[in-house]
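Okay, so here's just one chain, in structure tokens, the form predicted alone.
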Amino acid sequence: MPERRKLVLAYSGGLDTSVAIRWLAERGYDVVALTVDLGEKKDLESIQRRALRTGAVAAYVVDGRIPFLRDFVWPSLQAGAVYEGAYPLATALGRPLIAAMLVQIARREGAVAIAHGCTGKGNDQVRFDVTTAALAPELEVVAPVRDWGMNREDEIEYARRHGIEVPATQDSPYSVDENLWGRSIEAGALEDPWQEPPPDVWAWTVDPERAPDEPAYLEIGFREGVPLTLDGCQVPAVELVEVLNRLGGAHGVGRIDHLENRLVGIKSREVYEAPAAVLLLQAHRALEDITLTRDVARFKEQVAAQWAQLAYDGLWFSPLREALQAFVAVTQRHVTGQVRLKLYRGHAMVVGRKAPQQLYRSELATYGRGDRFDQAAAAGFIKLFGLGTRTAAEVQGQLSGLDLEHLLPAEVRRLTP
């Protein structure tokens, strides 16, 4: 008989990956299951035991919450990365970490391949495959769901026929993924972009119309772009995000309804809940507003868009993102300070910001006493600033097609003494 080969499977404990253990074993693999906790609040011990009962030769459970925040979420927060101006990249940031851990366990176990439960239609398959290619090009990548040709009913029948234990869950039309940074929901009624998301879509956030009548205030402290304190008290990273998810969610903050361009070329309606991400991104941007120079801030917007695209496309472990991270790190040297937010019925508003090295100077901005701005210098500055435009007008005449007469209405009221 041919020698069996060892493979490490990203195991969630659900139907797809449970069936995958048996399916892979039938194809000559000894399956090692790896479950990574990114804050989903699952019964990890139960999942680990289920993997062994289903046929895995070993099962790992890893607490990935701290490296997830430290090495993926915080750098993306510092970058200000939001995909297409809407999606805080929760799932997209979790996948490269899981893939990297798959590679590490594969090396520890002497495996020849890694496997995941992604379909051929989504973005996650690219994130797993490309990350593996970047970190361990010698490893094979196997995607059972992409290859086996079974639908959900076929999988359930396969599990019944082979005695595979599948956890009893409430039947839901939605596909849901969640971690500390956000909750992603798709499918079901959401596939109609004209239809408002049904109430049962939401789990972390209350309906803004039913949020408390009184606003809530909170203060977030940052050091070099990383959140460290809440209302003046230092809070561990995981706890800080969990608290902000609860506080924001209780006031209806963090709901996102996005018509998204997937990497595979299709448009998809995605709904997200990300209270902590929304609050922290907003607060971080406010602190940058008071600490970054105009040119750095404007260029950083381009970097943020590129960063978000790379993370979304599964190119976290790429030379370009590594280079962008070096730029972002420099921009964050003075992004230290506090931001005060007001939460009220689905909205979060920045109502205060301060920083030890802020570039806002009251003696320059004020129109009252203490004004140190040299207003007399403005005339010379404006003359030089507009010199190119003035020269072009004098030499080349008015802009082509410019008609000032049509700007005035036909009748203009004119008074004389």
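Numbering starts at 1 and follows the sequence shown. Predicted, not measured: the structure shown is a model, and the values here were computed from it.
Not on display, but discussed next: the form predicted in complex with a small molecule.
At least one heavy atom of residue 123 is located within 4.5 Å of the small molecule in the predicted complex.
In the predicted complex, residue 116 stays away from the small molecule, with no heavy atom inside 4.5 Å. Contact check for residue 219: every heavy atom lies farther than 4.5 Å from the small molecule in the predicted complex. Among heavy atoms of residue 260, some come within 4.5 Å of the small molecule in the predicted complex. For the small molecule in the predicted complex, the listed stretch (231-239, 182-190, 200-208, 325-333) containing residues with heavy atoms inside 4.5 Å is 182-190. Checking 102, 73, 276, 92 against the small molecule in the predicted complex, a heavy atom within 4.5 Å turns up for just one residue: 92. Interface residue among 176, 247, 256, 310 relative to the small molecule in the predicted complex, by the heavy atom within 4.5 Å criterion: 176.
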